[in-house]
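A single chain comes next, written as structure tokens; it is the form predicted alone.
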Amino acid sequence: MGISYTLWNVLLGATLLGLVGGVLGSFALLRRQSLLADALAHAALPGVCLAFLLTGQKSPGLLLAGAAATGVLGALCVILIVRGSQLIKEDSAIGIVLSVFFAFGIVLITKIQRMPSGNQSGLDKYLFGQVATLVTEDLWVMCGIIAIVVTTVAVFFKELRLLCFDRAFGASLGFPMRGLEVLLTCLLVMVVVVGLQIVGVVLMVSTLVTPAAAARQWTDRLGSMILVSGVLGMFGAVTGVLLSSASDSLPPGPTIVLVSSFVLVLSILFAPRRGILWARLRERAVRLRIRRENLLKDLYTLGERSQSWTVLTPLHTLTAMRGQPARELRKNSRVLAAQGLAMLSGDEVRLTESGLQAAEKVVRKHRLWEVYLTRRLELPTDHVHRDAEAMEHALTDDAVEQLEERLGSPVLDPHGKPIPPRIRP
């Protein structure tokens, strides 16, 4: 089955919006201007209505010009309110502008609908979007606006990056940071204007923020984030339109937002570095590593007391040292045995030669840190054990070597126990 002319227009328009929304939404997200984007979208509504009232025409160019004018006016109102009052913060100013402009837009739409030609105006579609009404003229206007936005971002990428991450440093280099902020706001207005007919005033902020928020889960680099955000924006737009076209009961704008939100949820859950699932797995791996290192250290401590690390130690003895369940100790002992660090015989365990060396590394970190706390921070010897219990699992081998050099290679910890020597490779 072929794709109709209308569906081609819808797909192209939604794809363009997804691309530019993802690109510029990255800057809005990093500068914490998501709410400002929402205010601009709501501020654009009265501009659409005023353009129709003044001209009596539904020309896309005129309506979008009116939306851009009131969008910029809304941004200026936010700036004036924040600078003119010491008590009203930016979030409050944005909320005021959003509600006032949106209410004014609803009043104007109501007035237009009561006019003889009001029912045919179709301006109410700008509330929730009506992507199916896109025609070739609309697409040409969108292409022009998007070309301006993408070109501007490419030309001023370095300056906009400074604006997002270190405005003060950019100002010290002589860049007009206030002018760049105005430029970015104007670009946001242009993107909002492009998206009104597709997703509408109410859902426009999601088109900007959702792909960028999803992309942020996958990368730490601005360039990569912009690229991923644009791709995710286009994916959400195309998928939403196709799902909507396959079912008469699914409106395109909200479907696009729902698809993008689903991608965001997947990113939050499964992104390798920031995903909740991977974070839980990393936390679990760290907890298991700490428990096994503690078991190695406990076996070393018992062997140190008896001056022999070849004697098997009953698990109930280890249970009494930390109050851990016998089942957990048996599981950790099996893991150490599988790694060749321990030998398990029934309910008794001992260190192997490799296990003894691994245990010495843990004990060495613990006792060197106790020396550091007592010498450099002058803490009493009975207050350093708990802190060393935590640090012994976090210190890297390089950090331990530097610590030993600064302390002058001590051989005894504050309690008079020998510090195991460095194991040479």
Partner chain sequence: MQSTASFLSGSKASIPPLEVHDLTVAYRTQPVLWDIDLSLPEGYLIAIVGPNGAGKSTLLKAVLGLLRPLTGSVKIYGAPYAQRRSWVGYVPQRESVDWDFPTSALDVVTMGLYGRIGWFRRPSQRHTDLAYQCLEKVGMHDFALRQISQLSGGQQQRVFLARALAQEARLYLMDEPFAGIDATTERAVLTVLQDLRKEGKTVVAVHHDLQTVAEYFDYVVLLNMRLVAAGPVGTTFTQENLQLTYGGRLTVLSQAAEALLAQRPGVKEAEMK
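Here, rigid core means the biggest group of C-alpha atoms that superpose within 1.5 Å across both forms. Numbering follows the first chain given and starts at 1. Predicted model, so just to flag it, every value in this text is computed and none were measured.
Another form exists, predicted together with the partner chain; not displayed. Remarks below refer to it.
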* **Partner proximity in the model of the complex: residue 325 to the partner chain, non-hydrogen atom cutoff 4.5 Å** => no
* **Residue contact check: residue 161 to the partner chain in the model of the complex, 4.5 Å heavy atom** => yes
* Asked: Taking heavy atoms only, is residue 377 within 4.5 angstroms of the partner chain in the model of the complex?
  -> yes
* Is residue 216 a contact residue for the partner chain in the model of the complex, using a 4.5 Å heavy atom cut-off? -> yes
* Using a 4.5 Å cut on heavy atoms, which of 383, 58, 32, 393 is close to the partner chain in the model of the complex? -> 32
* The single option of 172, 345, 136, 308 touching the partner chain in the model of the complex, heavy atom within 4.5 Å -> 172
* Structure fact -> Exactly one listed stretch (348 to 356, 315 to 323, 184 to 192, 221 to 229) reaches within 4.5 angstroms of the partner chain in the model of the complex by non-hydrogen atoms, and it is 221 to 229
* Structure fact -> Those residues of 393 to 418 with a non-hydrogen atom no more than 4.5 Å from the partner chain in the model of the complex are 406
* Would you say residue 19 moves its Cα by 2 Å or more between this form and the one not shown, aligning on the core? -> no
* **residue 52 C-alpha shift between this form and the one not shown of 2 Å or more, rigid core reference** => no
